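In the block that follows, a single chain appears as structure tokens, in the form predicted on its own.
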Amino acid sequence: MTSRLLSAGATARPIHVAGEGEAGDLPGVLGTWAQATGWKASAGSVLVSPSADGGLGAAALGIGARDVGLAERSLLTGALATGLPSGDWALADGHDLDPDLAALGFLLGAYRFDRYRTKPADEGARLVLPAGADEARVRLRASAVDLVRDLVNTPTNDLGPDGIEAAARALATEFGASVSVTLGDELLAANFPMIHAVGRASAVAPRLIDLRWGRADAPRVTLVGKGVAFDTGGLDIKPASGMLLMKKDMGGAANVLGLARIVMGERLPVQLRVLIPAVENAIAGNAFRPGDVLASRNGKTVEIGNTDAEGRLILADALSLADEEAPEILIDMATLTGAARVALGPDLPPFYTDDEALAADIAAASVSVHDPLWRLPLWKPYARNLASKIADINNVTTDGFAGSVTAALFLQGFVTRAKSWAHFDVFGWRPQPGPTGPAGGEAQGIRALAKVLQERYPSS
């Protein structure tokens, strides 16, 4: 959809921006048309007026209340991508929006997943790059979000563990990164027993994908993403309704690949590593069972209280590997718990970290680019609820309380050397369409994290 952004200077019809109560101030025929139609300039509403000769005239974008943040109102341009007729359009002077985010919002709103449609959607409206916008940066971020969305939206018959590997290899080829893969029974020989246990029942072998990019002497930044291509729940099988969206259980992997695209595209001076344990949690005679005790990479033993809490198991092995290098920043992203959605809903992913400075940077970046995130506590007393009578730890609690917090505490137990660690419990899905995209797979947190990394490691 990046083709829908025109380089600056192209001739186009104007788009004016209006807040609530300002519709009558719009110029010429547009203002008259707004009054005649009762247009209120509510957030994300779009008005198109006729011209004096009966053709298409100017347009207006409603941004609602003026007291919303600059980033939030700037991204409302996404509504223009579907609300405007085909043709070339440009924001009129004095629009009071952030140029980069206004351009990005339009591209995000233009996204469509047409892979399986025999008749793709029409091209739609095109927007001239707003004055002052960084075209390369905007296009890079839009392509990163599109990558995440495409991967999450693709069904598992076309994106199993092998498909996740193919996506990582394609990204590596594009940016000159290297990829190594530990496959199937090699996982046991290489000491990744929990990745193997979770994925061994699938017809497609489990694997650990390891992408590296950047200078060997640069600060280490490691991203770990949960790559469960499909989650039946294992022997603790999910109900049919619970499986409907389980193609998205690799949303953590998709998000770290999207973030990696930005890091490599911006050529940040870091030593980037991306680790993705890619599995399918399937059911067969060799599936792991409730009550099993699994060894982990770092030696800790884990009793399986529920096979549907598999994501934390594969992440634990991958985090242990990442931690062995003591990276400066270690980030994991995962569609880990329904409890996170109960607490904060689908649009506001929680994150966890003990690093106060990192937490503050993430929170500030989240607001500045309107990429919603909310910090929840690593409440240490709840760790006792993961106790096992026969192993070092259980993979679930028995009381059902604070599920996202206890999952984060479980993962924290496998990180001991990294200077800073943060865990993101993302949903990876947009249940309802909005100005910045249709219902379906969604990138969450990667624009905020890209800003944090860019500020900490500015490119020369």
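Each residue number is its position in the shown sequence, starting from 1. Just so you know, these numbers come straight off a predicted model, no measurement behind them.
Quick note: we don't show the form predicted together with a small molecule, though the next part is all about it.
Residue heavy atoms within 4.5 Å of the small molecule in the predicted bound form occur in exactly one stretch of 264-272, 79-87, 361-369, 244-252, and that stretch is 244-252.
Comment: the small molecule is not present in this chain, but in the predicted bound form one of Leu257, Leu319, Met194, Leu336 has a heavy atom within 4.5 Å of it, namely Leu336. None of Asn286, Asn306, Ser388, Thr301 but one reaches within 4.5 angstroms of the small molecule in the predicted bound form through a heavy atom, and that residue is Asn306. The candidate site formed by Leu330, His423 and Tyr457 is entirely out of contact with the small molecule in the predicted bound form, as no residue has a non-hydrogen atom within 4.5 angstroms of it. Contact check for Glu310: a non-hydrogen atom falls within 4.5 Å of the small molecule in the predicted bound form.
Put simply, Arg341 is close to the small molecule in the predicted bound form: some heavy atom of it is within 4.5 Å.
Among residues of the shown chain, Glu280 is not one whose heavy atoms approach the small molecule to within 4.5 Å in the predicted bound form. Contact annotation: Phe414 falls outside 4.5 Å of the small molecule in the predicted bound form, judged by heavy atom distances.
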